[in-house]
Ligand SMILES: NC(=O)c1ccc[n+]([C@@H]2O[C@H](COP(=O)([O-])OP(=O)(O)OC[C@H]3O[C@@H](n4cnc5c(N)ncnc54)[C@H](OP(=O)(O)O)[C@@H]3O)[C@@H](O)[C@H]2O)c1
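Okay, so here's just one chain, in structure tokens, the form predicted alone.
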Amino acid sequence: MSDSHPKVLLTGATGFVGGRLLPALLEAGLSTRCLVRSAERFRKPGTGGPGFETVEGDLLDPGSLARALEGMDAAFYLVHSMGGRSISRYRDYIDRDIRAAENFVRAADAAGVKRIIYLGGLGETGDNLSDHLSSRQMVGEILQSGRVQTTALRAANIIGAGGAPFEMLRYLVERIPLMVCPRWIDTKCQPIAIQNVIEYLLGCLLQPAAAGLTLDIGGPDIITYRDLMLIYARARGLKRVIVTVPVLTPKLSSYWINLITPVPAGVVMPLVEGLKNEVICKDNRILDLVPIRLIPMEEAVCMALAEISEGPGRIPSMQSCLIRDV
């Protein structure tokens, strides 16, 4: 494997993170193969040419993974099934994620893949960890159980246009002047801008010293979810009042958020359940391994708002963000 020009398989290319990583890989001159369910329906601006290809397959179909991983040096594992549309079935994703990860690591071992880069979730291990965060950590452990050197990046809330955490934040703050929230809004977190996540994913691929490590990634701000709501409100010039109550369970909170936002209840439920856990970087080795400028949350929110109105890749000034319509 050439550390500077590996052949890369990208899973999750149609998702929030993978869809942004793909152009970054191609811009870096890396030969990239995307694993998709339907090559005919998969179209991305700027793709094509000798360094880009697609292959059809499914993580739950081991035979298709062998074809996808053939000849690959490295792979990005950026899939997570979440909870679907229904709260009643939302835990089904855990079994799917485990089976998919087991299939993938076996196929990667058989294909002789040298590196896997996995994006999981922050959260201290223990009995109090939510099902959502626990499943993310289980997937990382499965991917690191094979012969392939797997780098597991652990992120808290990823802030960017189109991502479920940001869309929940956006619709709640935009639509409700007086927010009655559960106590979890005062849980500490270390959110990270999607742009920094892409830089870390690409940086870890090109940094041999990151191989096989589990690394925490976060932005420069350690804040509460209440702070995050108020940051968004300031960026939009909105006055918002937040009141906390002790009686809103994760299930009730999920139904409430689902009524206000376009995010499906089955996706909201595992996200909300995970908000009880403090998610802060305890291991900061990534800062030396992949040195980048970390984007403050106010700037990250501004960038997400600009992308909603102008499309990806256009970064506003902080001043222009304050008068921008959504």
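Keep in mind that this is a model prediction, so the values were computed, not measured. The first residue of the shown sequence is 1; numbering continues from there.
Same protein, other form: the form predicted together with the named molecule, not shown, and the subject of what follows.
A heavy atom within 4.5 Å of the named molecule in the predicted complex is found for exactly one of Gly218, Pro182, Gly146, Gly120: Gly120. Residue in contact with the named molecule in the predicted complex (any heavy atom within 4.5 Å), chosen from Leu59, Val290, Leu69, Cys281: Leu59. Candidate site formed by Ala13, Val17 and Arg37: every one of these residues places a non-hydrogen atom within 4.5 angstroms of the named molecule in the predicted complex. Note on the interface: of 148-156, 235-243, 168-176, 207-215, the segment with non-hydrogen atoms within 4.5 angstroms of the named molecule in the predicted complex is 148-156. Residue contact with the named molecule in the predicted complex: Met229 places no heavy atom within 4.5 Å of it. Among residues of the shown chain, Ala111 is not one whose heavy atoms approach the named molecule to within 4.5 Å in the predicted complex.
In the predicted complex, no heavy atom of Ile198 sits within 4.5 Å of the named molecule. Taking non-hydrogen atoms only, Arg115 never approaches the named molecule to within 4.5 angstroms in the predicted complex.
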